[in-house]
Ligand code: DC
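A single chain, nothing else alongside it, follows as structure tokens in the form predicted on its own.
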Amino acid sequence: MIVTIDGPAGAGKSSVARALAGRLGFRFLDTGAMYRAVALAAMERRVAWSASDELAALSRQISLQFDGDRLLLDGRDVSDEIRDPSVAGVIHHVADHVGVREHLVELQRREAERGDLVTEGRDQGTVVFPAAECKVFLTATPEERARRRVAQDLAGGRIVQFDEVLQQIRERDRRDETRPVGRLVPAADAVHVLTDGLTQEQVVDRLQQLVSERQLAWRANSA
């Protein structure tokens, strides 16, 4: 069974997807980590972001493998390196690249061949797995996502302004909804889950119930 969780940045997709996969005993596919790894490889090999053909070729030359929750780039664990802000600041160069995205979509579909999977991103239920048995569009209002971001930064000792963070979130939403590839749009058959005012555990409870309902329906139809 494939469970896709799409939604805007800051909605908590990664943490919820990882927790849901743990409860279900499914594998978790961190698609964002794959794009970050390609960006890291391009930085290390000094491939120019404007070199479209070179970026596409690089994405096919490198090896990306998941070892549990760790991501290996050419056999090297880069799970921590890809979280560096320097990588986050350039990831859009590969995430918006048609050739890179096409190849990573192929890799993501191969991962699904290995068995039950929970995957999250922007286009998992629309482009990568349009036939997924359970699709979720996980979202929260921009104001709620801004509040969460401010709280996280404060917990980390960083002081940020709510209005500034809110503006950044709205701008990110605008970019994601108008990207040339991998555009953020809900699948027509996705269940929308608004997480405002909910704890992560409550959200995971809701999704686990949804998956159980879809599993029962699938078994009934297959009988």
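Heads up: residue numbers just count along the shown sequence, starting at 1. Predicted, not measured: the structure shown is a model, and the values here were computed from it.
Form predicted in complex with the named molecule: not shown, discussed below.
Consider G32 of the chain shown here, and say whether it contacts the named molecule in the model of the complex, taking contact as heavy atoms within 4.5 Å.
-> Close contact exists here: in the model of the complex, G32 approaches the named molecule to within 4.5 Å, heavy atoms only.
Would D123 count as a contact of the named molecule in the model of the complex, using a 4.5 angstroms cut-off between non-hydrogen atoms?
-> Output for D123 is yes: heavy atoms within 4.5 Å of the named molecule.
Any chance D173 has a heavy atom within 4.5 Å of the named molecule in the model of the complex?
-> Judged by the heavy-atom cut-off of 4.5 Å, D173 is well away from the named molecule in the model of the complex.
May I ask you to check whether R83 falls inside a 4.5 Å heavy atom distance of the named molecule in the model of the complex?
-> Judged by the heavy-atom cut-off of 4.5 Å, R83 is in contact with the named molecule in the model of the complex.
Only one of A146, A140, V118, A95 comes within 4.5 Å of the named molecule in the model of the complex by heavy atoms, so just point that one out.
-> That would be A95.
Which one, V150, I91, L71, A112, lies within 4.5 Å of the named molecule in the model of the complex by heavy atoms?
-> Comparing distances to the named molecule in the model of the complex, the residue within 4.5 Å is I91.
Does the trio R23, K135 and R206 actually contact the named molecule in the model of the complex, every residue with a heavy atom within 4.5 Å?
-> Spot residues vs the named molecule: no contact at all.
Please name which of the stretches 185 to 193, 62 to 70, 162 to 170, 35 to 43 has residues with heavy atoms lying within 4.5 Å of the named molecule in the model of the complex.
-> Within 4.5 Å of the partner lies stretch 35 to 43.
Mind listing which residues of 178 to 202 have a heavy atom within 4.5 Å of the named molecule in the model of the complex?
-> Residue within 4.5 Å: R179 only.
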